[in-house]
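This text opens with one protein chain seen in two forms, each one given by itself as structure tokens under the names structure 1 and structure 2.
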Structure 1
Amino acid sequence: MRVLVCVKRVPAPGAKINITADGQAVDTAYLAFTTSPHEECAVEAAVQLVEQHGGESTVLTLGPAEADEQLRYAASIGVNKAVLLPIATADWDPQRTAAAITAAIRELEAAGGAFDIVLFGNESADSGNFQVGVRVAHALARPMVNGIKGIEVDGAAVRARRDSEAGVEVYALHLPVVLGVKEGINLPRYPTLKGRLASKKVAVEQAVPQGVAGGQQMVTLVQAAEQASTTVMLGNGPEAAPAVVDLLEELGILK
């Protein structure tokens, strides 16, 4: 089985997201970088699929040269190959991103054979466009379901599960498929020391990304309005319990 997983490097903000003076990006001066938890789970799912069914997994990202870090993290938990589509600007719009990923998949498949499963995150952590995976799947004429919290493969048959407001929905699909994965599908493993060392040696393949600008263009980032809050201190330690229960009564929570 050949599995591809697409991840996006994003800043990992702490208590607040600060914006650069020109309003074009998140101020990352003091920040680390990561991928969405959905994508971490997609990477784990790719590794597990190959563990169960044999074959090979590949991780792909479109991003700055530094996104090498996210590719190697995926390699450190067991992904076999890595592909970087380097871009100079901060971000590409979702149509352009999807076009570039589609073109890259076509090239990878021409060289190494078709991917049985292409995995995405449910949405990217930063821009949350909810569409890159769907667009890629449509361009490749493959079925796509987003929000997946369970994947079972039996021969060419795939059962993909997701939560809905009504309960749980199951999709019966046939390979090849494209799936958008949601956090909760699995518990991503931590890299082992051996995995970390091995990931340093993985050759990251590079390809020039292809894609023309789409119809959605970012102008500026804006801080979300925040209600000023003053915190009422109810006390210190267990001695504060009566004050808390007074509050529960006052709010009508303790009847």
Structure 2
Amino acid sequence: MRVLVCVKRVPAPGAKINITADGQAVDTAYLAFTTSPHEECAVEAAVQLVEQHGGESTVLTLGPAEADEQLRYAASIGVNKAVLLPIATADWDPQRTAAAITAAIRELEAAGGAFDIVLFGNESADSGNFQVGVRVAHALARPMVNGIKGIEVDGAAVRARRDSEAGVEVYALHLPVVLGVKEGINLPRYPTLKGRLASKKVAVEQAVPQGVAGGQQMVTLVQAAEQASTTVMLGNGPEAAPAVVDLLEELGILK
């Protein structure tokens, strides 16, 4: 089985995001970066599929040279090959990104055979466009289901499960397929020391990304309003007891 997983380098979840003065980019001076959480689970799913069915897995990203870090992290937990599509800018629009990834997949498949499963995260943690995986699947003329919380392969078919308001939806698809993995499908493993050392020796293949700009254009970034909270000291020692009682009564805990 050949599995490809596409990831994206994003600011670490929970980090404070600052915008540059011109409103055109995120200020990365003090930001740490990681792989999108959904895509971390997609990487784990790729490794598990190869462990269960044999074959090889490949991780691919379109991003800056620093995205080599995310590729090697994937390699440290068991992904076999890594491919970087380097770009100089911080990000590309979804249409251009999907076109570049589609072209790269076709080149990889021409050289090594078709991928049985191509995995994406449900959406990236930064822009959350939900578009790239769907656009790539459409361009490759392959079935695609997003929001996946379970994958079972049986011969030339795959059963993909996702949660819905009515319960659980199960899709039966013929390989090759494209799946958008949602966080919670698995618990991503931590890399071992052996895995980290091995990842340093992985040859990261680079290919020139091919894709023209799409119809979407970023106009400006707006800083989200910060939610501030205040802490009120009720007092120190026994003298705080009346204030505590009043607060409990106000909350309805004491009747």
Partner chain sequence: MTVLVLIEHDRGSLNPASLEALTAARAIDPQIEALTLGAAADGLAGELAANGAAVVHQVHADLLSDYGPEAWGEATAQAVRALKPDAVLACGTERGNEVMAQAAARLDLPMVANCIEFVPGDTWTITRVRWGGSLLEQCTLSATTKLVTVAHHAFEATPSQAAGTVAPLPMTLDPALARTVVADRVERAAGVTLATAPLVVGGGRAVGSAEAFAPLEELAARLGGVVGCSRAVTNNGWRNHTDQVGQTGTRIAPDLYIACGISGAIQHWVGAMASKKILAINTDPEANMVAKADYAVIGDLHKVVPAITAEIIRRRG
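Since we're looking at a predicted model, the values are computed, not measured. Throughout, rigid core stands for the largest set of C-alpha atoms superposing within 1.5 Å between the two forms. By convention here, residues take numbers in order along the sequence of structure 1, the first being 1.
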The form predicted alone is shown as structure 2
Task: residue 229 C-alpha moves between structure 1 and structure 2 by 2 Å or more, core aligned - done: yes
Students should find the CA displacement of residue 245 between structure 1 and structure 2, rigid core aligned, in Å, to be 8.6
Cα of residue 14, core superposed, displaced between structure 1 and structure 2 by (Å) 3.4
